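Take a look at this one chain, the form predicted on its own, written out in structure tokens.
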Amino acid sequence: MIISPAISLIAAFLFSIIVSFSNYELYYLLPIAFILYLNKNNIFSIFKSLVFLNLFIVVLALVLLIQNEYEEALNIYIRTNMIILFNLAIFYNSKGYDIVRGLYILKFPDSFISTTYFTLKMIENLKNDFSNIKNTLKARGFKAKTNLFTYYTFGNILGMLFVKSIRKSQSLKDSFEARGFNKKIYLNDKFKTTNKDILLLLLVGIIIILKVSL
């Protein structure tokens, strides 16, 4: 990650909280611009993901527009995009396990860290299984259509994924119990603050101060 996992979590939490509970302001763009600058080589991919997620945000804004709450619809639309864009940019290069590292550095309870780790592990396994099944279907010439065969196939896939996830979670549990797992994961990680970390926290701190004082 371009920013330390712990600092990323803190910055994402503070930024999301301050933007969620206030009207949008132009100075909210300061930390976003900084993170996008650090991710300048991936800006296109980040905005591509943002456009995809906008499908859901637009629906939310449309509901408010139907209720004639134009200002609130615009406010929520912009604020939601700001929060998503900031978090997309800050965690763009993360595979999810950086969140576990961040929680570990911030001294979260051991059970919470291990639960987060195993949840991410299972999501990764399910994603790999789904990808393998999809490739197998493609190799067999399967094409999704609006017919009973397609629905039957998707139903089978969901069932297989569900059964596989149960079996894998049980295998993982047995494996860790056999190794004397005591609900604690030990990570070899040293916290090192960089100038980028400090600058990001400074920018987030500035928007909090401006919001409180203005």
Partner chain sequence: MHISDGILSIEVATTLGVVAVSMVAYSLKQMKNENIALCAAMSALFFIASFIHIPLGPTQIHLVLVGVIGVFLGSLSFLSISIALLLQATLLGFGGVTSLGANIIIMALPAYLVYLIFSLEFTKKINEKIRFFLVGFLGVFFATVFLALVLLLAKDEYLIASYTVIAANMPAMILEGIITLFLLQYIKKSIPSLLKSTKL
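Not measured: the values here are computed from a predicted model. Positions refer to the first chain, counted from 1.
One more form of this protein, predicted together with its partner chain, exists but is not displayed; see below.
The shortest heavy atom separation between I17 and its partner chain in the predicted bound form is within 4.5 Å.
The shortest heavy atom separation between L120 and its partner chain in the predicted bound form is within 4.5 Å. Looking at S111, you'd find a heavy atom of it within 4.5 angstroms of its partner chain in the predicted bound form. Interface residue remark: S169 is counted as part of the site for its partner chain in the predicted bound form, having a heavy atom within 4.5 Å. A heavy atom within 4.5 Å of its partner chain in the predicted bound form is found for exactly one of A33, L148, V51, A178: L148. Scanning 69-94 for heavy atoms within 4.5 Å of its partner chain in the predicted bound form gives E69, E72, I76, R79, T80, I83, I84, N87, L88, F91, S94 in sequence order.
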